[in-house]
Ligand SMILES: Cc1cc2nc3c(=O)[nH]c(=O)nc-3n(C[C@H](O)[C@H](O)[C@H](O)COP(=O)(O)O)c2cc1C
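Just the one chain here, the form predicted on its own, laid out as structure tokens.
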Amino acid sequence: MSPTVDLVAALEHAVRAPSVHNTQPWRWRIRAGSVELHADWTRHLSWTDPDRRDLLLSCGAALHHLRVALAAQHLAVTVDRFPDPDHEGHLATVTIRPGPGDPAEAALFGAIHRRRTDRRRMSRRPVPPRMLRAIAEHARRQGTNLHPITNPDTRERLARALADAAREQRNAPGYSAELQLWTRRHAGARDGISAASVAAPPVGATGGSPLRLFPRAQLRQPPLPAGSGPADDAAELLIVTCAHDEPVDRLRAGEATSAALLAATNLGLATTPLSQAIEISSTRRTIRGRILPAPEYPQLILRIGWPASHAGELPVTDRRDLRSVLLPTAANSGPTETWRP
């Protein structure tokens, strides 16, 4: 007997993907045996993300989450990215095909509901190189590269690029208002960034924080042990890159981001996607020309480290109800919740 494929259940997992400012800029259409991913341009952050890079990365992460959820149902899929040249918002169609699911993708499924964006101080315990290599391999499987920035001088240049991007955005007209909009959502909004998920910079750190500065912060930093010295941590910074910088590359970079974050979560590591330095054209050029070891295009920075000792559990970030992100099916097809291949 053919198994029942629950596409709605798979989408419930897909929408747990991270997105810039938790905007969740995606729409989905379920058809018999396939799911379409569409961009929701009404959720584009025009001041933060002028070239729509963050939006495509966010949608790519959701696309990969969907692939993982389907692989966990022991289903193989084909993915057609940008299938309709006349509709740039139709980002991908995922079609169920005969055969078993990808076991490497299925192994990431358990991390979907455990992954959190951790904006707190992390541990001073270094991440072993073998773990960084394993995470990078998951990114490579998505057609991208993931470069750890471990050289102290190179890391200092990256820190300066992050600080430059933060300063330029603070002075950009419209940026602060947009940030306020997505951090002060109305009650019951189920999107945006809650102050309960943001921590103030740790007291006693000697270096600048790579994190974006949000207007409200209610999350407690993990306590420092008495006499432990500065509050700096050993979190690694890794850059997701592509050989080209077309929309399909940005979508794939989002898929790679999802794969890397889920793989890190499976290893017990804490993660933070950092998009700010890539949103500014000048710092993006600096990263490409003076920081990356190869002439590739930076798409996103990932901060990965061990959770700090005594770090409390992070709150679950809300997601919109699936019904609010589903597009109607064709008039003659009717609603489709399950499908039998």
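Throughout, we count residues from 1 along the sequence that is shown. Bear in mind the structure is a predicted one, so any value in this text is a computation, not a measurement.
Omitted from view is the form predicted together with the named molecule, to which the following refers.
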| item | value |
| --- | --- |
| Stretch in contact in the predicted bound form with the named molecule, which is absent here, among 274 to 282, 33 to 41, 288 to 296, 304 to 312 (heavy atoms within 4.5 Å) | 274 to 282 |
| 4.5 angstroms heavy atom contact with the named molecule in the predicted bound form for Arg319 | yes |
| Contact flag, Val20 vs the named molecule in the predicted bound form, heavy atom cut 4.5 Å | yes |
| Exercise: His90 in contact with the named molecule in the predicted bound form, heavy atom 4.5 Å | no |
| Non-hydrogen atom contact Arg212 with the named molecule in the predicted bound form at 4.5 angstroms | yes |
| Check all three, His74, Ala111 and Glu255, heavy atom within 4.5 Å of the named molecule in the predicted bound form | no |
| Listed residue that, although the named molecule is not shown, lies within 4.5 Å of it in the predicted bound form (heavy atoms), from Thr117, Ser123, Thr150, Asn266 | Thr117 |
| Candidate from Ile193, Ala235, Ala199, Ile239 lying within 4.5 Å of the named molecule in the predicted bound form - any heavy atom | Ile193 |
| Partner contacts in the predicted bound form for 46 to 69 (non-hydrogen atom within 4.5 angstroms of the named molecule) | Asp54, Leu57, Ser58 |
